[in-house]
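The chain below stands alone and is given in structure tokens; this is the form predicted alone.
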Amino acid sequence: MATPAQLGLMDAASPVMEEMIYFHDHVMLVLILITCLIFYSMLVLMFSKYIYRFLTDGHVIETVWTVIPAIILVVVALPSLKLLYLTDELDNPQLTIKSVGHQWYWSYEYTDYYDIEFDSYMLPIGDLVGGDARLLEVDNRVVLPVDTSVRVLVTAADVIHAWTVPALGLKMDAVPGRLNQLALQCSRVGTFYGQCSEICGANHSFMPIVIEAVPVDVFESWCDGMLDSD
């Protein structure tokens, strides 16, 4: 979970988020090098005593400052396109869940192996216990097994929402009448928080998402407990 003084991205909890962080670092390195070069050129031009006032055109320098930015754009675009297609990759998902956005809560369905359905509401401040995150904790968490390919079907029942979990690199619009999908794989055990990222009404800020990644045997026990409670 992000902290108030955090400057960088959140720790990655999925292979896709790891690739996003690598790409972020790659682009930041390119931007820093360009910025340093520009400032160095400005300082040299400002304090240099050598001028050539008869210079009216220069085909060589114009060619250089056209070709070099084009090369830089290619260096940035290639890993960007690779990451773009990686986020849409669905390789034989082992589990499918459905997330439906409502004003203002989420409902979930586990329909592959178990007939499990539940609603997930934000916990009011009075129900929080020690260690719970204010405005982020819910009464029913989404429990998923680690190292398992999961497909999430995202839709909405009323207005447009967005199902977003930053630590997993996930963000998908929930559109009424439309079924979107995304790939998810938790690479470590933990609890990961998200929120609706599309303004959807007065209580838009109060419909958080909580994913709890657990070992497979714990996930099976949780499924059995949910079936017994029904």
Partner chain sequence: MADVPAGRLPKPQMRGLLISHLKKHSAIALVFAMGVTLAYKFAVADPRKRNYEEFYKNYDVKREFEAMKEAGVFHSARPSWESSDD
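Positions refer to the first chain, counted from 1. Note that this is a predicted model, so its numbers are computed, not measured.
Heads up, the form predicted in complex with the partner chain isn't pictured, but that's what we're talking about next.
- The shortest heavy atom separation between Glu212 and the partner chain in the predicted bound form is within 4.5 Å.
- Although the partner is absent here, Trp65 lies well away from the partner chain in the predicted bound form, with no heavy atom inside 4.5 Å.
- The closest non-hydrogen atom of Tyr22 lies within 4.5 Å of the partner chain in the predicted bound form.
- Taking non-hydrogen atoms only, Gly190 approaches the partner chain to within 4.5 angstroms in the predicted bound form.
- The partner is absent here; in the predicted bound form, the one residue of Asp119, Asp158, Glu109, Asp147 having a heavy atom within 4.5 Å of the partner chain is Asp147.
- Note on the partner interface in the predicted bound form: the residue among Val44, Ala70, Leu179, Ala202 having a heavy atom within 4.5 angstroms of the partner chain is Val44.
- In plain terms, the part of the chain that comes close to the partner chain in the predicted bound form, with a heavy atom within 4.5 Å, is 23-31 out of 194-202, 158-166, 23-31, 171-179.
- For the stretch 132-155, the set of residues having any non-hydrogen atom within 4.5 angstroms of the partner chain in the predicted bound form comprises Val138, Asp139, Arg141, Val143, Val146, Asp147, in sequence order.
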